[in-house]
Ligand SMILES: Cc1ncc(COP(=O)(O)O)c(C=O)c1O
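Before any questions on binding or motion, here is one chain by itself as structure tokens, the form predicted on its own.
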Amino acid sequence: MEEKGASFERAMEELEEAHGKDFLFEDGRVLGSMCTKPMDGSVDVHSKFIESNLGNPGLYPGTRQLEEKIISIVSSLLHGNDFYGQVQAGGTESNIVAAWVARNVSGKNEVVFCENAHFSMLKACDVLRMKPVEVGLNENFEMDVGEVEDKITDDTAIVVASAGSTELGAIDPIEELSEICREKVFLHVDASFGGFVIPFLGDLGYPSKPFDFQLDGVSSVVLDGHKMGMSTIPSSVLLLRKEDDLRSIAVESPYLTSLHSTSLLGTRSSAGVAALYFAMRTLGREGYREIVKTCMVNTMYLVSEVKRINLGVPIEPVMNICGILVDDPVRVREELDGKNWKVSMSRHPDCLRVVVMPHVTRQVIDSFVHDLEDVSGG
């Protein structure tokens, strides 16, 4: 650190230079991210609450009320009845907390999850010193239910299912998993991406499957506001069916305004809470339905264009994530990167992966497919 600070102007120049190197969603070139540009107004709301810390809730009763309202709104969206939960920093934190809760409630130590589950489950096992138990995929790249049954043991603390897998957006057979786990094993649903998509698919005429608290065996669900929730980063919601589950991770916090802390992080962003509340209050079900509709229409358009240039998809998209089968996906991705397309990859199977977020318009798709055909030899 220098003895004397730089001038305001110099610091801002350095920040502008750094920002200019970043890829922005509004440019339409980011095709592999599950995040998007937050809705209008949410950034202003985020800034207004920037100094609030919900880790010390007694100082911020207004923000705490917003969090309670978010939990109530999300409970309704996920077929719950004023369940319990918190706004977290992201799906990774929520998944770790779910495993933590399951371990403490059950006294058991094994985590059963699919080989295409989000990498946060490996983090959870490492941090909590729990045993990872991976299961395979069925032909639709969903969790193999039969293998889950075979691998549940007397030491299984939690089964983790995906409602919108990170790789292809697949929805695991959660209805069947609910029957297997009910009253025996904690069942956590990672709907970090799908939580703001799946509830609206049926209304739009797309197939969907039950994944939330309408299934008796589901113990907890996470959904991220900074993904299809159209909010700022970070704003993830972890919802639990039982209040005692959340209490199982409580520790005393004598120097704060609450007697106990029931979160992984001591400092908790109030800005993300306010921004997510703003998004949900102003969009409502109708607003989210329209966003999902646009994304799904564009996803199906992408599929048709991919097939037009003689490439394939591993599965017909369940939501707004599309896999693209190409020869040598690593090479194709690198060449697309050279054209400033930021596309990601899936491992199951090896393919390109495009997340059709609101910033991915039909015009963007046309431009991308043109370059994809050029580099893939399709």
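Worth saying up front: this structure is predicted, and the values here are computed from it rather than measured. Just count from 1 along the sequence shown to find any residue number.
What comes next is about the form predicted together with the ligand, which does not appear here.
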From the list Thr166, Thr156, Ser75, Asn298, which entry has a heavy atom within 4.5 Å of the ligand in the predicted bound form? Thr166
Select from the listed residues Ser269, Ser219, Ser263, Thr92 the one whose heavy atoms reach within 4.5 Å of the ligand in the predicted bound form. Thr92
Tell me, yes or no, whether Asp172 is in contact with the ligand in the predicted bound form, where a contact means a heavy atom of each within 4.5 Å. no
So in the predicted bound form, does any heavy atom of His226 sit within 4.5 Å of the ligand? yes
Is there a heavy atom of Met34 lying 4.5 Å or less from a heavy atom of the ligand in the predicted bound form? yes
Closest heavy atom of Ser120 to the ligand in the predicted bound form, within 4.5 Å or not? yes
Heavy atoms, 4.5 Å, the ligand in the predicted bound form: which of 273-281, 141-149, 288-296, 187-195 makes the cut? Say which one. 187-195
Contact set, 270-299 vs the ligand in the predicted bound form - heavy atom within 4.5 angstroms: none
